[in-house]
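This document starts with one chain, in the form predicted alone, laid out as structure tokens.
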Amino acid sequence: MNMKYNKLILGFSLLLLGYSCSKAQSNDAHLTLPQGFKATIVANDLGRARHIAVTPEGDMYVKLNRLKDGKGIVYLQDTNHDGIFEKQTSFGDYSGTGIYLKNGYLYASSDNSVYRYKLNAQNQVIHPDQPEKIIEGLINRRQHESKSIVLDNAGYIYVNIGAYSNSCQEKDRQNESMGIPGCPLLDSAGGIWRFNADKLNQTYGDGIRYATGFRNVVGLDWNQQDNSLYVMQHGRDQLTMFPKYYDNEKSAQLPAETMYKVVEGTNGGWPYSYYDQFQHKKILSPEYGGDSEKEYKGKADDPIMAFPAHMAPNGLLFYTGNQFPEKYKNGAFIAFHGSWNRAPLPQEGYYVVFVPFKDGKPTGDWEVFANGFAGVSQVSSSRDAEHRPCGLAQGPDGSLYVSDDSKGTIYKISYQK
């Protein structure tokens, strides 16, 4: 009997050990990172997790692109301090992308409005069922509808209002359809609008069109080092609509995804031009008379950095922490959501990259920082990717958080000397 009892205890112990190892392994993110870094999964199955914001206490707010159980914001807490967000509270009856913490408020956006919630001393929302609407009536035509947001240090909030078109054609995404002269979409979309952060029920008339000519900006951040706005633009699609100038392979590699420093009046050039990262110049769009080589001579600003085409930059974060090595200080992390339209080439992106910065300017080439989110070595279709990076946030200890809007996973990337 003792032998049977001992075997039972041994079997139970092995079962517990197996469960413990399995649990520990499930928190291992299995990402490819530079030496000294590690990644863990700190939350899972949240829904379509888009942008994220971390409080000074280490809690996290997650904006969902689709409602889950009728709610669009998830509040995560690590109450037992084991590094995992085991407590979840949801609120907000609207979906969307943008979320931001500033001056005692949580700001969050739907696809046509921006709200704010008053926070208590622990940066917890006081009345989750009573948000204040600060901006309403923004254009939402079910294309590039995400309203990403960021605040500056002077009481303003900046909102991306994406163009509800690929290239402002008379017939959107139709072969050889020409561009609409003067592109009237730019009056209310295709740019960055600035509003007061503390005024309720604002509309277009209360804000200003701070920058124009941006097809769609999902990733944006305020650089504290030079007190300026920086954005990542999604480049246009389907140059093959003009087969005289673009074959499938050429269209798969053009145009560049681009980073801009944005000041009042900046013009990204859309829809009249795009940036060719191989020719290193702005090219006149075929919808407006271009032939893939003709340089654009109109008003448009150059990007400060160009990346490969169609990788969908959805998150931008300037790192101000002290945990990572010195090379990362004040540099930019960018979450590339991943492409869907690079055939016949493999799809690209699905990783987080790093760009070194100093005094508001890149000081070197971009490099892949965190890879392996997709879970496969080569992505033929975006459906092949298990996870897709979207939002970025910095923790109070200097760790980097990455959201995934495919499976609703939150990753924490830390550095150990």
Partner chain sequence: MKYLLLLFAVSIAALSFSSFSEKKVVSFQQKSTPMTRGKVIYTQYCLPCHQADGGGVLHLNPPLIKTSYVLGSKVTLVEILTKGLNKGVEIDGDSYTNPMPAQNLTDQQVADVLTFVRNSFGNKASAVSAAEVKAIRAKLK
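Because the structure is predicted, anything quoted here is derived from the model rather than measured. Residue numbers count along the first chain shown, from 1.
Missing here is the form predicted in complex with the partner chain; even so, the following discussion is about that form.
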Among 38-46, 60-68, 351-359, 364-372, the region lying within 4.5 Å of the partner chain in the model of the complex by heavy atom distance: 60-68
Though only this chain appears here, would H387 touch the partner chain in the model of the complex if you measure heavy atom gaps against 4.5 Å? no
Any of the heavy atoms of K294 lying within 4.5 Å of the partner chain in the model of the complex? no
According to a 4.5 angstroms non-hydrogen atom cut-off, is S382 in contact with the partner chain in the model of the complex? yes
Residue contact check: Q394 to the partner chain in the model of the complex, 4.5 Å heavy atom: no
Establish, in the model of the complex, whether R142, W340 and Q347 all lie within 4.5 Å of the partner chain, using non-hydrogen atoms for the distance. yes
Contact assignment for the partner chain in the model of the complex, among N227, N248, Q88, N103, heavy atom within 4.5 Å: N248
Interface residue in the model of the complex among Q174, N322, N153, T203, criterion: non-hydrogen atom within 4.5 angstroms of the partner chain: Q174
